[in-house]
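One chain comes next, on its own, written out as structure tokens in the form predicted alone.
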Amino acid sequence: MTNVNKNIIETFDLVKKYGPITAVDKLNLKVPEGTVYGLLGPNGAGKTTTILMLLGLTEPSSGKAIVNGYDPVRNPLEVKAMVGYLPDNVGFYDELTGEENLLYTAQLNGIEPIIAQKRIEHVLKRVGLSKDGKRKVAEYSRGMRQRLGIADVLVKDPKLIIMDEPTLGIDPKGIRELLNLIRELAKEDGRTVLISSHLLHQIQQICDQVGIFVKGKLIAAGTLKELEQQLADRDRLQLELKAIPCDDKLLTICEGLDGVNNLRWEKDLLILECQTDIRENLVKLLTSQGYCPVHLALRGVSLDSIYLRYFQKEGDYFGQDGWLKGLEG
């Protein structure tokens, strides 16, 4: 059983400089074991540099990282043995079949041929490529290559999987299949998955926690609910309320609640403009007055809106058209 209290990744004031440029700036990242964690940020934010330091492929300028108890600088082989890495542009030998590519990976990792063959058969089935294993990779679509990339990662049976922009360039059907597979790897297999991405809607569907990256700095981290609450503590919120019975007294009751600044009707929804998140107190008040709330939600709260509102405090990341620089989709 996964230890929910354990962080499989921790960094301590991690810094990476390239000459005068600071790519990663005093990063303190915690990724709990068994979760899907999204590392979000535009191009050039430092996400890939962070991944390379976690893998022991580049050394930090200062600070340190710990991956499942190992320092990637001091123990690079131990880290590589337990981590599977899927880069944004996964490479295979096109003239070889999918099975042959996986067998080559198994040989590089010292897996015995009999075990390797059984494992390859299993992982190809897992990623939906059982019927395509004997086809040359040159015939694979982008989505098939990504699924083969996950199979390639799974051959070594890693405890931690790191993916860099895994859904980039894949059609919508392929994206749905890939996201479902990523979720399964964490929830059914008990693996930890760290995803670097800028495709917010997709990340929102599968991530347990997210970290928002700006110019090498982690400016916010936590569950979507926690990020939402951090913003709620500072910004005026809009609540949508639908209750039974729906009468004029409902408006009077809500109007007298502390924290409510304004109210208005939008068809059968009562919209409350609030200084803080008053949902808990509102429910208690309504039920005590004989009302049954059937719909109560924060309006406009999504990972996209959370992301944009955090970035608005970093105004230089917005172009003249209002869109985030370096972000697509």
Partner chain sequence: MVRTAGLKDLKAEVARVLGANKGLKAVIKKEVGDHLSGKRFFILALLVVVTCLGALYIAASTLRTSVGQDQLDFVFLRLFTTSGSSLPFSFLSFISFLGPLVGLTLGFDAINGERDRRTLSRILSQPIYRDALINGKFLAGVFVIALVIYGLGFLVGGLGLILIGVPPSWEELLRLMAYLTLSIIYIAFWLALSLLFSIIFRQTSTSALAGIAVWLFLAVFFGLLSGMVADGIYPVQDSNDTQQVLANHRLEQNLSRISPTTLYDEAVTTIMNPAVRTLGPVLLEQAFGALKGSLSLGQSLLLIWPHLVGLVAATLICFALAYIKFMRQEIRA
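Numbering follows the first chain given and starts at 1. Quantities reported herein were computed from a predicted structural model and do not represent experimental measurements.
Although not depicted, the form predicted in complex with the partner chain is the subject of the following passage.
Trainee: Please pick, from Lys217, Arg119, Lys80, His198, the one residue with any non-hydrogen atom lying within 4.5 angstroms of the partner chain in the predicted bound form.
Mentor: Going through each option in turn, the one that passes is Lys80.
Trainee: Ok, Glu95, Glu188, Asp258, Asp247: which has a heavy atom sitting within 4.5 Å of the partner chain in the predicted bound form?
Mentor: By the 4.5 Å criterion, the partner-contacting residue is Glu95.
Trainee: Among the candidate stretches 286-294, 259-267, 50-58, 32-40, which one is within 4.5 Å of the partner chain in the predicted bound form when only heavy atoms are counted?
Mentor: Within 4.5 Å of the partner lies stretch 50-58.
Trainee: Please determine whether Ile114 contacts the partner chain in the predicted bound form, using a 4.5 Å cut-off between heavy atoms.
Mentor: Flag for Ile114 set to no.
Trainee: In the predicted bound form, is there a heavy atom of the partner chain that lies within 4.5 Å of any heavy atom of Pro172, even though the partner is absent here?
Mentor: Pro172: no contact with the partner chain in the predicted bound form.
Trainee: So, Gln205 and the partner chain: in the predicted bound form, are they within 4.5 Å at any heavy atom pair?
Mentor: Result no; Gln205 lies far from the partner chain in the predicted bound form.
Trainee: State yes or no: in the predicted bound form, is some non-hydrogen atom of Tyr85 no more than 4.5 angstroms from a non-hydrogen atom of the partner chain?
Mentor: Within the cut-off, so yes.
Trainee: Mind listing which residues of 136-168 have a heavy atom within 4.5 Å of the partner chain in the predicted bound form?
Mentor: Contacts from 136-168: Asp152, Lys156.
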